[in-house]
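Taking the form predicted alone, here's one chain by itself in structure tokens.
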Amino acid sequence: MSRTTDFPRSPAEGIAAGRLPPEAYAEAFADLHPPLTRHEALVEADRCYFCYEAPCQKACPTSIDIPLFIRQITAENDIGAAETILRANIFGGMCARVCPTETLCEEACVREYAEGKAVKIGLLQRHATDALMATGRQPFTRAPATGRHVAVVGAGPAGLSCAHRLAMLGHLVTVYEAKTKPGGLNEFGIAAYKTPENFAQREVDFILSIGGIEIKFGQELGRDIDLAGLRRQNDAVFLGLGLAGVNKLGLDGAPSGVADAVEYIAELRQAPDLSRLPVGRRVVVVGGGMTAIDAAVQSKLLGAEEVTIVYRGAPDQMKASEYEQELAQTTGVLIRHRATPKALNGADGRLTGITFERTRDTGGRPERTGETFTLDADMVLTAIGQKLVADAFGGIEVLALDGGRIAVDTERRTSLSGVWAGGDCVAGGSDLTVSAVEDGKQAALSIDRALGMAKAA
């Protein structure tokens, strides 16, 4: 699991680019989990018990028939295995790379209970889906045209999952995307070492190859398009908005060197040359989720000498999985718990450090203790959560919200007739790619049923 981090680093103070030798970046950001060879895949697949009412399948948010696709791999039918996976989860390739399988399907694996070593379901899923994508073939076809048109807002996992399923069902889809590239967090928000070789865009191209899906870029809800107009012009609307807003530290002063971790990761993912991406010598990341881990690990891989994650609660309260926390630590990232930011320290407008106040647990909520400590830092990345910008669609007067996110039922229907929603923007989700994909799929099936009933009426 450990990453190579012993490259010579530039001793430059402050934020600087080129902290590693030019040739070191490719090695530092190489594939975190190289794919299985054919022999390795066959050996691993043979470990599966092919359980009846398999617990791994029940643990998968998209209900992939895991025993079936692994059995197909043992029969050397990798393409058939991929079709089994993609029928349930069209983003099966990305989910094989970024899904927290250690807390989902692999945690539920009977081998994990029996031996403490689960079948490597994620790597087997990647083995199969990579084989199919290498053929350049779209395994699904469009049903006869229904004459119905659906608008999808957001070209992330939820939106494109919905669009693909709607296209399969014969509907025409227009996707409205605020950015200039599709993919959502798969493209802009996931660590580069998890999705090398432009995989996110290759997977999007594969999904769109079914046809019947048009993407319009630079179209932001509330600025270029509005919900009322989309409802008038389409038979249904799906909102896969994600969470455009970010929580701030709320501290006085704004010395240079403080940045949002989501934006920093996006910049890294789009950088044509990582050796030109500036990073601090001493980096502090505030937060305890996957974004914090990804930002911290990538800062270390870019050549930062010291990287510290500071989280306000206890270790078991961190949203990042134990596996991801261990990944950060084996990369050389220090994780400190039970501390909350108190002050940003700077000189001449430049960041010099950040002061924290220690916390203690009081019934599940951290409470300040008054005791403080300061970490030297020339770069602070904040990863303390994202939030829905409700003004984009008119706020609660238009759509009912629950805890600041869009309220939906089990079919992903919102409070507004003809409008569905899914992904990170809806209440009650787990903020995982795989859950967003399932939201999009279930919303598409619900939309199809609703349009069918409307036609019959």
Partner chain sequence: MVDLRTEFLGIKSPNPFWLASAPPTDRETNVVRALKAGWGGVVWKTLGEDPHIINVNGARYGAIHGPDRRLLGFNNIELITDRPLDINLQEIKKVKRDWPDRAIVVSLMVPCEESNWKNILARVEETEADGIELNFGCPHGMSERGMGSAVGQVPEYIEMVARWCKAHTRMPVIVKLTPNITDIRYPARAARKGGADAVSLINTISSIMGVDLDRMAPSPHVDGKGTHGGYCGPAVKPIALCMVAEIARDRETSGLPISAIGGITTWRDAAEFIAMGAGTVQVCTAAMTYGFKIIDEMISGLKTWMLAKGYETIEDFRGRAVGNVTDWQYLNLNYVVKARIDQDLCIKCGRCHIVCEDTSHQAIATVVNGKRQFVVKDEECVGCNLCVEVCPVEDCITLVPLTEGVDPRTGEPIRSGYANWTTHPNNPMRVAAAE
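A quick note: this is a predicted structure, and the numbers were derived from the prediction, not measured. Numbering follows the first chain given and starts at 1.
In what follows, reference is made to the form predicted in complex with its partner chain, a form of this protein that is not presented.
- Across the options 422-430, 405-413, 35-43, 385-393, residues that bring heavy atoms within 4.5 Å of its partner chain in the predicted bound form belong to 35-43.
- Every residue of the trio Tyr49, Val110 and Tyr113 has some heavy atom no more than 4.5 Å from its partner chain in the predicted bound form.
- Contact annotation for Glu397: none of its heavy atoms lies within 4.5 Å of its partner chain in the predicted bound form.
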